[in-house]
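Before any questions on how it binds or moves, here is one chain, the form predicted alone, in structure tokens.
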């Protein structure tokens, strides 16, 4: 174990704190919750969700008062979460007909909804036009033609924003970078021109109300946001000149980073999971560029997802088994990538032994999940294997091992946890409030987890029941 991963008792203000040996979330004992509700279990904080909603809105309004936050519901479309952020004045971004229907069930007015996606069906478009929502973000000339046809058939005018490709690359990992011409998203300058000509030819069916971009998730380089803002400013000005009566907003997307790393001395090993950049920094970078070019009357939309809900929840897992190998303890959790799908492609989440949170004697451990796959681990199996294969194939590369490790291995090989951590203990996996509940699945016959919310009065409410065995076969017994 290197000095870079010294364990200190972890606390996060009055959100997560240690009392005795126990980790508490908003004053509620997480170990006790695991005992009463079972594991895996997601625990959300209503207080932090409200704070995040207010903070994200204020971040841009501080620089451009006419700004609106459209929460990316794909991050967490739980009805209780949607209703809570809606109460705080946050609007919603949806990515499918299903998310659109959940948004309506949660009480969102059509004027508060924008619809993203690269393959919207005619049925989904019709749903978004009954009645017309704030904007359908258009991804191709083909899609705009489809929208126009559906709108004409229904006798309505579709409000659309054109999604452009700002040519922004780098800063994260290719799988979640969406602003480059190599990604499947958005339109080139030529494709946007085709759309503008189409909109001009079909004014009864199409109103071009905005321009949209999204550069990716967990992007920590402010220069990339400035680059995207300059693209939006220039392109939006030309579109507004053509459609001055309709054009009303620019949408710079979301993907705003959060800091998954709890101690600065880990930063060298964990790359873009470590970030001191937040929504306030992004607003201070992008909003002045947009305001200077487009004026105070333009509306600026953002679509944060991860930044809204990630740090508002923890996932509780239980240690089910151990294995000692070459002097290293392996911990086998009841929680793997069927519950935390991002862990399956190498995402980093900080861990705390919730019932040993104050212990200072620590050990390096390999932490793994219960599924029948070698990638069901909380370290970078693929990166470590590629590094070992390269060094075996070309021993001379050993002189560059440190560089290769930084480039190939994205997460630390060990977790430093209290030395006594073992079967029965509860592991709190932090910052798991975005994407995980949405992507959880039944792989290996695992039941999708329950979720609870700690209210501002300390009351604990179930917001998603745990699946039952009947849920595994409900769609198959037809």
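Numbering follows the first chain given and starts at 1. Keep in mind that this is a model prediction, so the values were computed, not measured.
In what follows, reference is made to the form predicted in complex with a small molecule, a form of this protein that is not presented.
Taking the partner from the other structure, the small molecule in the predicted complex has a heavy atom within 4.5 Å of a heavy atom of residue 74. Residue 306 belongs to the set of residues with a heavy atom inside 4.5 Å of the small molecule in the predicted complex. Residue contact check for residue 343: none of its heavy atoms lie within 4.5 Å of the small molecule in the predicted complex.
In the predicted complex, at least one heavy atom of residue 218 sits within 4.5 Å of a heavy atom of the small molecule. Proximity to the small molecule in the predicted complex, taken as heavy atoms within 4.5 Å, picks out 207-215 from the listed stretches 368-376, 283-291, 207-215, 393-401. Here is the short version: of 311, 116, 338, 353, the single residue with a heavy atom within 4.5 Å of the small molecule in the predicted complex is 116.
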